[in-house]
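Shown next as structure tokens: one chain only, the form predicted alone.
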């Protein structure tokens, strides 16, 4: 018999298969309903072309078949995990996604860690100083950051820290003539990701700050906190164990809900900072009307969101001591 945690993970992965298929069908229907195809986008880049060239390209790319034929071939490629060839990149869709995926994972992972950590810390400070000047400044700052569009914040950071101060590189995932050793390469990539991670992280940090503040204010007035104070426990332990820990649950839940939104936000951020990730690949696929590439990027993003939500569910057992192996086994929580 499988351990409860492993059984829970496998069950959630099986539940994710219908989600992936529904998303795949939705992508096909939307793109088929839109006017034009990859041939039209390609000929538009060339400045035009005759009807014979368009017919030859459609036959070569499999676009001359009926909608049902294209749909069957499309689903077959998804089931066999062979997403075909991309016209936009001139190669395999799977290889293009695997090449771009590390940059997106690094950008998203660093942004989530940055936004959640800073949001939890500042939200806890605001809750402990409720009604004071610190609380007001932090709350106002969170509202302002939450209202600022990500691309606009990114452009402002580029103007200030790249153009004016010259502290950071303005684009790319690494220097062309940068260091080749592992440590130097890692530091170079981290240096290039400072502004993109800050841009993406600050936008979502405001949400986690407000969630943490509200949750800690609620737990501060709870009976178990009053009981802990009555037992004479140190205030730091009360804040850390009895207030902050239960307050993390809504923040972690929002991390799972915002995973898809953050992945969508990375499209804009990767375009602004010229990062070769899934976001910039999605932009290229949409502009070229490349159905296999669009489907591959969307499905990769769907799988990422499913995995993030599974990790969020597993983290409940770490945060909430009431979460037992029985809940993991039954899928509750």
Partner chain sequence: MTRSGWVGAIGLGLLVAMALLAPVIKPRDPLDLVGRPLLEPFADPRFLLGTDALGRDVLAQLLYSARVSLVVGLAAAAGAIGIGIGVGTVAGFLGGRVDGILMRISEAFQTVPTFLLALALLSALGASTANVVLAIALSSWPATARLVRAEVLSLRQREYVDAARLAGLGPLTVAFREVLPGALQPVVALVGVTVGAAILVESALAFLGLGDPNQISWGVMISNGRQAIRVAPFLVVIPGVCVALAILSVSLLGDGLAARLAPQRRYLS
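This one's a predicted model, so the numbers in the text were calculated from it and none came from an experiment. Numbering follows the first chain given and starts at 1.
Below, we turn to the form predicted together with the partner chain, even though it does not appear here.
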| property | result |
| --- | --- |
| Listed residue that, although the partner chain is not shown, lies within 4.5 Å of it in the model of the complex (heavy atoms), from 144, 79, 113, 72 | 144 |
| Listed residue that, although the partner chain is not shown, lies within 4.5 Å of it in the model of the complex (heavy atoms), from 149, 109, 184, 131 | 149 |
| is_contact(residue 170, the partner chain) in the model of the complex, heavy atom dist at most 4.5 Å | yes |
| Partner contact for residue 53 in the model of the complex: the partner chain, 4.5 angstroms, heavy atom | no |
| Residue contact check: residue 267 to the partner chain in the model of the complex, 4.5 Å heavy atom | yes |
| Partner proximity in the model of the complex: residue 95 to the partner chain, non-hydrogen atom cutoff 4.5 Å | no |
| Residue stretch of 159-167, 222-230, 192-200, 119-127 approaching the partner chain in the model of the complex, non-hydrogen atom distance within 4.5 Å | 159-167 |
| The partner chain in the model of the complex: contacted by all of 9, 67 and 252, heavy atom 4.5 Å | no |
| Partner contacts for 269-296, taking the partner chain in the model of the complex and a 4.5 Å heavy atom cut-off | 271, 272, 282, 283, 286, 289, 291, 294 |
